[in-house]
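Let's start with one chain on its own, the form predicted alone, as structure tokens.
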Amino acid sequence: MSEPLASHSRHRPCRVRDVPRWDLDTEIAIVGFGAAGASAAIEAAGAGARVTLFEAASGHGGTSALSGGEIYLGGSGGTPIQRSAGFSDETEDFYQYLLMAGGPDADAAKCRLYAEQSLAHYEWLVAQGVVYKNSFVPQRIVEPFTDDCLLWSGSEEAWPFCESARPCPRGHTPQWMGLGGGKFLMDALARRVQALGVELRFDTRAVALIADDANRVRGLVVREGGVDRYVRARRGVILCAGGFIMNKAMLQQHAPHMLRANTPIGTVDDGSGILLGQSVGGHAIHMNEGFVTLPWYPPESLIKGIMINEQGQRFINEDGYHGRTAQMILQQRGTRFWLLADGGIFKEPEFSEFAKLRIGAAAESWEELEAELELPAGSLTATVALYNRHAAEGRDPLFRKQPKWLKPLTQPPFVALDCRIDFCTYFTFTLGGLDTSVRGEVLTASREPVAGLYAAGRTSSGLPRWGAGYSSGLSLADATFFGRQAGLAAARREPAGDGT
């Protein structure tokens, strides 16, 4: 029979004095086998540390395997693929863009380190077995249906980002035919983890940290096969357990507006890693922030349309990243939003079935369309008239949409693409998490390291920490790169002795 379970909790640590025995002894214990955990394990094991990786699911991958596998890379003149496509991506431009993407509280130190070492990170990924095709997709798309690589994956060409950093495409997708390159990425990293001899324990959940009375982390309590096991981690514990998009109670507490988005992206993302870190004094930041998107393009011709709310008013320049548009939708009152297009630019969105995008109304005049949508009289028509007048001059004084996307909407039929937030598929995940140093150390509210504790990926708040600035590829860039930093830092830490 299994022994009775102790009353362990993610909200409080198990004290060293209360550990009945050490069932496992390792140097570094990693919680979570997604991109962050895999990268941490590779670097730690490569540095000579004994590593044990715990995963709640029955296999590797996590949320990373559900993604397109895209990683945001550049700087140092550009990756080989950027250079081959005719782009030169200077480190300062990359750094400035990361600062803007990170938002008002961007972590400048992390942005600087990543901008300076991103090219080397690309080379590291290739060395792990991640394959990139030397190809560039010039059209604005969400994710390639082909095995092509380089994409415009953010708001690089849009205002206000283009005023601070010279635009350059930086989304690098692995050579994988069709959607879902994240599985290819994770399989490559997992093979490397296994080749390095990392001990893997699946179907095992972390239920508490083990710490001394000074909250120095000494190990981990895991639940495996219905039994609590006590893991000594002599050099440290690395939390890579994802965000909290699957925990409605945490969302209600920290980011209730995100509950308006109806399609969470995650696997075990229940906030457990964040709660474990908080139990020993780790400070969680930006817990109100998240990513949300409705993939309303491609085709890119739709970018020449205009987005309006239920007052018939524009609210953003439509040439930014699709997630930036959805973020602005999420923050407004009301549920009814439309993309307006004319017969010259409208084509059915490629993700229309996936995202539940439908034509909400069509008419031969803007006045008829306004009536069909039951908008306040004169609202839509005034918005379109003002936009058309300026677009004919190649200007957008209200929102500064770039000239190449400006076209007067004058060719019937006129169409309103239904983007209702209570009907269409709005994908979302969290961006808040534990505050960490550039080395992955979990920090207290006074920004002092919690001894023996590290975090990476969505368990931490890293490069992407502001939904309005998010670009595709930033999460995996942050997870893989700063997972590596955490693994290296833990491997270099002096091991705790038997008496602790």
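Model, not experiment: these values are computed from the prediction. Residues carry their position along the shown sequence, with the first being 1.
Keep in mind that the form predicted together with a small molecule is not shown, yet the notes after this line are about it.
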Quiz prompt | residue 490 within 4.5 Å of the small molecule in the predicted bound form, heavy atoms | solution = no
Quiz item: How about residue 429: is it within 4.5 Å of the small molecule in the predicted bound form, going by heavy atoms?
Solution: yes
Quiz item: For residue 420, is any heavy atom within 4.5 Å of the small molecule in the predicted bound form, or not?
Solution: no
Practice problem: Answer for residue 455 alone: is it within 4.5 Å of the small molecule in the predicted bound form, judged on heavy atom distances? | Solution: no
Quiz item: Quick one: of 272, 247, 317, 82, which gets a non-hydrogen atom within 4.5 angstroms of the small molecule in the predicted bound form?
Solution: 272
Quiz item: Just one of 451, 57, 438, 47 has a heavy atom within 4.5 Å of the small molecule in the predicted bound form. Which one?
Solution: 57
Quiz prompt | Among 327-335, 68-76, 356-364, 297-305, the region lying within 4.5 Å of the small molecule in the predicted bound form by heavy atom distance | solution = 68-76
